[in-house]
Structure formats: structure tokens, C-alpha cells
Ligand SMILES: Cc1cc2nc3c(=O)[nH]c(=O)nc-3n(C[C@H](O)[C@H](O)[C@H](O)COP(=O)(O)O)c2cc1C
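Only one chain is included here, represented as C-alpha cells and corresponding to the form predicted alone.
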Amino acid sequence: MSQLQQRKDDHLRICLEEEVGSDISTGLGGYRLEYDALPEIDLVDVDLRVELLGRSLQAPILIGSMTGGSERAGEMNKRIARAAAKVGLGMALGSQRAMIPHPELRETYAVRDAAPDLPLLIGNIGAVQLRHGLGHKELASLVNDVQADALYFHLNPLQEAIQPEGDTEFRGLKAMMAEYVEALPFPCLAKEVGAGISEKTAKKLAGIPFAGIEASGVGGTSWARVEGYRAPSQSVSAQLGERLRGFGTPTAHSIQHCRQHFSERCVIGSGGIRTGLDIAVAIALGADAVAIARPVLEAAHQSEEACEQYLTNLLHELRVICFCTGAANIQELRNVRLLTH
């Protein structure tokens, strides 16, 4: 197994077996949706369907970017994709960097082979890879080879700085992303990986013709902490992983910054989204949809059926919340009044 494949398996093992939370609140719990005891709609009439990046989803939910690049990762991806397709949700892939030196690893990302009805699939590459000669042809291949509909450029300086084999050459990436995003023939989005998008970052990214942005704020899995577990015990990186596990912008604030600067473009809320109530608050704060990762992975680790059941229950919870706020659809949910505690 290559070092890169071993890293993918390490990430899965750590996320499933260790305490990887940021220990910082997402900020979503600081809000309450205004309850309506006279909603004037029937529960059965609540419509959760949305259009996202030109695709129809049964609810405003994506399975967030997680994994790929090893045999175990490929099996998890396929379980998740089949469950997502059954309930009509979208999915994002983990970093496809492994496919560049190892094209044979395509199988671990090619979830549409297992779930051809998956309504939306987003590919994923680290923006820092542009510093190493990754060009238009290679980026297009990452999307086309797995039949994806769009591509994430992920930004993860904190993770890379702590990762034992991390890449911290971020100089000039804004101009490089702008050049590539404008030229590529499919929608491109920016995202963080758990440390969030601050107002400063949102403003910079808004100047690039991205189709949208994913917040990935502090409050969920801390990839600083994950990489700290991978580093030698008592090393500086291991210590930093613990000390900086909550460094960044909490999810609620990140969503608001993204909405402010991305105006009418797509905003995906993520980072510690765990419940239907989290989803509803994120949407009321300005997200068009949300992405959920670790709880889906934990369910898929049990079985494909457990993953499908988790997603089904989540949709039911969101439908009940819409009903109890008088929101007949997601557009109306966006207009539900938020109250602070």
C-alpha cells in the first residue's frame, strides 16, 4: 500500500475510532426557529425538494467530502452513494489527489458505477495542487473520469501545516484558481475542511467566478486533530493538533460570511451539522443546502441499510420542523424568523 493510500485508511480509522471533534460550538445552537402552533399546512404537503447546481435533490442535503483512494475508502464511498441515491440526495467525494499518480484508484471514487441514479456528484481536489503543475486537462479528467457534475477546490492550510507530509505552498493560489475556474467547462466551488470560511476569506473568494462555496466551519470534525493523531506521539504536530483543534470560524458565522459575499451564488453550510434542526437553522441563516459527513460515515460503517435509515430519519426530522414553522417548502424555511437565546 502506498503512503497516500495508507493516509486514507488512517483518516477513516481515526474518524471512526478516536475523539476528533473540535470541542467548539458550531454556533447553530445559539438560534431558535420561530415555532408556529397554527401552521395552516398539512405535514404530508411539506416539499423538501431543491435545485442545486442545476440538479434536482429530494432535500437540501449533500453527503460531505470524506474519502477515496484505498480499497476500504472505495467500499465506504459506494455504500454511501447507494444510500444517498435511494433517498435522492447529492454527494461530494474526498480529495481525488490519489488518482493523479495512481489512475488505477479511480475505482475507489467512481461511485456512479455503483449508484448511477445519484442526482448530484461533486469531485474534489486541493487547491494547493495547482502549485505542482496540475492543469486544465488533469482537472477535467478528475471530473470526467468519475462522471461528476462539478468540482470542489478545497482550502486546508491548517490541516496541511499539521499533517506530517503536508503541503503548505499556498502563495499565488487565488490568481491560479481564478484562471482555472474561468476556463473549466463545469461548475467549480470553493470549500474549507473544518476550519471555516472567515469574512476575509469569503471576500477574497467572491472575486473568483466560483459557482458557490461550502463553509465547512468549526464545530464538527477537526482535521487538525485528525492529523495530530497521525503524527508521532509527543511531537510538535501532535501537540498542535490538540491545541488548534478549535481554531477557525464557527459554522454559523461562516455561513453568514459566505452568504454576504456570495450573494445569489450557491452557499452550502457544513461543519458539525448533525440534526434536522441544524439543517433548518443553517438554511435560515442563508445556506442553500448543507453537507453532512461524519454521522453518515459512522452509519455506513455499520451497513448500507443503516446509512439509508439515518438519512431517511434526517429527512423526516427536517420535514417535521418545516411543518411546525409553517414552511411548506425550503424557500419558505429560508424566511422563518430566527430568534437568539
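Bear in mind the structure is a predicted one, so any value in this text is a computation, not a measurement. Each residue number is its position in the shown sequence, starting from 1.
One more form of this protein should be noted, the form predicted in complex with the ligand, which is absent from this view; the next part is about it.
- Every residue of the trio Leu12, Ser65 and Gly194 has some heavy atom no more than 4.5 Å from the ligand in the predicted complex.
- Between 312-320, 288-296, 38-46, 52-60, the stretch whose residues reach within 4.5 angstroms of the ligand in the predicted complex through a non-hydrogen atom is 288-296.
- The closest heavy atom approach of Thr108 to the ligand in the predicted complex falls outside 4.5 Å.
- Looking at His154, you'd find a heavy atom of it within 4.5 angstroms of the ligand in the predicted complex.
- Looking at Arg274, you'd find a heavy atom of it within 4.5 angstroms of the ligand in the predicted complex.
- Within 4.5 Å of some heavy atom of the ligand in the predicted complex lies at least one heavy atom of Asn124.
- Out of the listed residues Gly228, Gly90, Gly248, Gly94, Gly94 is the one that sits within 4.5 Å of the ligand in the predicted complex by at least one heavy atom.
- Contacts to the ligand in the predicted complex (heavy atom within 4.5 Å) from stretch 214-237: Glu214, Ser216, Gly220, Thr221, Trp223.
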